Each structure stands twice: as structure tokens, then as C-alpha cells.
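Take a look at this single chain in C-alpha cells; it is the form predicted alone.
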């Protein structure tokens, strides 16, 4: 297993790093608040083909795999892009798998999103891109359904994400049964993986912001980065960043194997975990912890300025916390992971 970037992935990273650097960033994120959607940047993104790049070329997409998409969304996270990129990419791949992805969805002119929680009382609640997506895919019982309606009313949140509830009235059934549920859960694990990659990007920039400020800010005639207390806040963050990135890359690798029909294992006895669902959960938890820790410490390095709207770190601080809880309480996600690992270990099953 080689988790280093390929030459093609390095090119993808460079292209999208340039794009997000020029078209998005903290100033654009501020202008997009409170909805959390930069329509101008989205229109520019359509020109790159990114919205449909995760769909097979035979279906009209760009043929990129999950590992490629993780490279793209890390850059989006690093530049705090106010774009529903993860939700659209994942949902587009899901629609393509069930034969319901049209040209407008592939092009991104119709934004689509995924309901990441089971519907309640006929409503998909707190859909991550529900306030901007025209179409939303949900799993209602054993039926995979598509809602095509105006975006929902934006739910205010500290992370300024485009959250909204979406009623399922009038939804079209795309598929039913075990295969439909399996396709949905595969997409949800892809969402976990790409959200983890977004959090890796946030962690990366939060670390850089903290280090840069510690070098520039002076007290008692010298940079505050020379003080041991400041150094201790930042010293272990590169390890958290690299660990989260590596685990997310392994989850993306396992996801590509799962799409190809290859099953993995989750054997904690032999410390062998290649099962996609398990790794996706681990990646989200790990990247969420890295992002919340890095943004918290970087904000404290900034002192009182860190809470000020003029300083960029507060944007990353809020976004990191919003993304880590939008699916569920991280503690419950950890318990879910424990159940997955320990149940299989106790019963002797793998994946």
C-alpha cells in the first residue's frame, strides 16, 4: 500500500491550490456568511470540471477516484472555501451509481446534496448543503429517494454552513432494497472521508497561522515564538496533522477498493484494518480531533486577537467545530467505531 501522492495527484493538488488561493479564502468566506455559499466562486469552479470529476468517464465525468477527490477538498479546506464541494461530489457519484445523474448535475449547474441522517417525520433534517442544493438524496427506510425542490430555509450555525431541513414530500424513489441501502452507506462513508480531508486542510492552515503569528508578534523585545509556553502549544501539531492526513489517505484508498468490489478486513487482534467503513469513521474522528486541537491552540497563540473577526483563525476555529458535529456528536461516532471493531473481534468476523 503506497499512500504517497502520485504524479497526477500532485498536479491535481497544484492546480486546485492555485484555484482556491485565487478564488476563495478568508475574505471571500466572510462575504459569504451567514449562508456559507460563494456563488461566484462556484460558477468559477464549474469551469474546472470539479463538480463531476469523481464520476466515471463512461458516465460523462472526469474519472477521478476518491483519493483524487481527497486531494482537491484538502485544498478547499485549507482555503476555507465556502462551497458545497464535498456534498456535491459524493452525491453526484451516488446518483451515477444508480443511473440518475444528469448533465446539469455533472456540470454543477444543479447543486445536489446528501441527507446524512435518517429522515424524521418525513423530513431530512440538517442537510449539510440543504440551503443551497436543488436536489437532495436521502435513504428513507430501504428506499433511496431524490427530492427536487427549492433550497430550504438556512439554519443559523456558528460554522456558517449552508444547513437546512428538507421535506421529502414528492420525492422520487431511485432504488429500493439492500442494494439501495448499500449504495447510500457507501456514499456516506465517502462523505466521512472527504469531510476528514477538508478538516486536514483546516488543520494545515491553522498550524501555519499559529506559527506565522508566533514569529511576527513580539513581546518583551522578542518574538513570542521564542517563549517555551508558546512552543509547547504548537510543537505536537505537525504530528496530529500528518497522522490525520495519513489515516484519511488510507480511508480513501480503501474506498476506491470498495468501489471496485474488493472487501477489506477490520481485525484489531492482528492490527489489520482495511475495511472502508471502519477507516472512514476513524478518519473523520482523527481529522476532527486534529482540526479542533490545532485551531484551538492557534487561536490561543493569537491571544485575545484570536477571537476578533479581523483575524482569520476564528474562521477556521468555527468551521472546524461545525464540521466535526454536523454528522453527529464525535463521542457517538467513537462509540460507533468501537462497536464496529469490538463486535467483529468478538464474533471473529472481518468486514
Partner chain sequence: MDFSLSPGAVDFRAAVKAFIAEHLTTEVVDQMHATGTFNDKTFNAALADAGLLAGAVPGYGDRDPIELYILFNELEKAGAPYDGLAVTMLVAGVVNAVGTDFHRNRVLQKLLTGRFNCCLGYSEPDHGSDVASITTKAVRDGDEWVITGQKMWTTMAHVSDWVILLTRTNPDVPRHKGLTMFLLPMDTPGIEVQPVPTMATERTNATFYDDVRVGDEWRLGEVDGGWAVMGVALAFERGVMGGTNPAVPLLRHVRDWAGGAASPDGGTMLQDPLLRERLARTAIANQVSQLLTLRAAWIAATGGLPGLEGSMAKLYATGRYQQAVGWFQEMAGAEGLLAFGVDDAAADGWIDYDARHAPVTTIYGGTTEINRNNVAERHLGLPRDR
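Positions refer to the first chain, counted from 1. It should be emphasised that the depicted structure is a prediction, and the values quoted were computed from it without experimental measurement.
There is another form of this protein, the form predicted in complex with the partner chain, and it is not shown here; the text below is about that form.
A heavy atom within 4.5 Å of the partner chain in the predicted bound form is found for one listed residue only; from 173, 107, 169, 246, this is 246. Scanning 146, 188, 214, 181 against the partner chain in the predicted bound form with a 4.5 Å heavy atom cut-off leaves one residue, 214. Between 214-222, 86-94, 136-144, 195-203, the stretch whose residues reach within 4.5 angstroms of the partner chain in the predicted bound form through a non-hydrogen atom is 214-222. For the chain shown alone, residue 236 is a contact residue for the partner chain in the predicted bound form, at least one non-hydrogen atom being within 4.5 angstroms. At a distance threshold of 4.5 angstroms between non-hydrogen atoms, residue 121 is out of contact with the partner chain in the predicted bound form. In the predicted bound form, the partner chain sits within 4.5 Å of a heavy atom of residue 270. When contacts are judged by a 4.5 Å heavy atom cut-off, residue 98 does not count as touching the partner chain in the predicted bound form.
If you take 137-172 and check each residue for a heavy atom within 4.5 Å of the partner chain in the predicted bound form, you get 155, 156, 157, 158, 163, 165, in sequence order.
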